[in-house]
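Take a look at this one chain, the form predicted on its own, written out in C-alpha cells.
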C-alpha cells in the first residue's frame, strides 16, 4: 500500500533513521500495519524497535497531513510511553511487523497502542504512546539577553 518513498513524503525521518520500510494496511483514523526489515549483523536494539514502531504510529496519525520537513511542517515528539514490554530480540534479516491502533486524536496529538511481531511471535507491546507535533520555532531554546541568536542553516 505504501512504500519507503511514500513514507518519506509523509514523515520527516530519513535514512539511516527511517525505520519503516512499508505499510501493508492503513485504515484512516483507526489502524495501521507497517514493517521494517533489520539489516546489519546485530540484533535491533530495543530503543530502535520502539522508534520504528513510533514512526509507524506517526504515519497513521499524520497520513492525511504530510510533514516531510521539520522546519516548516513541525517536529514529531513522543511525549510519553506506557506499558512497554519487550520479548526476544529482533535479529538481522528478520522483518518486524508493527500493528498500531489509534485510541484518540486531538488536533496534533495522538494516542496510540499496539504491538510488534516477527512471524507469530510478539516482540514488543505498547500499552500507550502519546505523540504530538509542534512547530520547530516553539522548540528552540530561549536566547539569553545579550547573546546573538544563531540561525539554523538549511
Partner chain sequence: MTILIPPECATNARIDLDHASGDEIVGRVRPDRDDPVFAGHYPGFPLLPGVYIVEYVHRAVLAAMPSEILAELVSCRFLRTIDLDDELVITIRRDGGLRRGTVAVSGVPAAEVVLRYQEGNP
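Numbering follows the first chain given and starts at 1. Here the structure is a predicted model, which means the values were calculated and not measured.
We do not show the form predicted together with its partner chain, though everything after this point is about it.
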Option from 22 to 30, 49 to 57, 95 to 103, 108 to 116 whose residues, in the predicted complex, bring a heavy atom within 4.5 Å of its partner chain: 49 to 57
Contact label in the predicted complex: residue 42 to its partner chain, heavy atom within 4.5 Å: yes
Residue 85: touches its partner chain in the predicted complex, heavy atom cutoff 4.5 angstroms: yes
Contact of residue 91 with its partner chain in the predicted complex (heavy atom, 4.5 Å): no
Residue 70: touches its partner chain in the predicted complex, heavy atom cutoff 4.5 angstroms: yes
Contacts with its partner chain in the predicted complex - residues in 6 to 36 whose heavy atoms fall within 4.5 Å: 12, 13, 14, 15, 16, 17
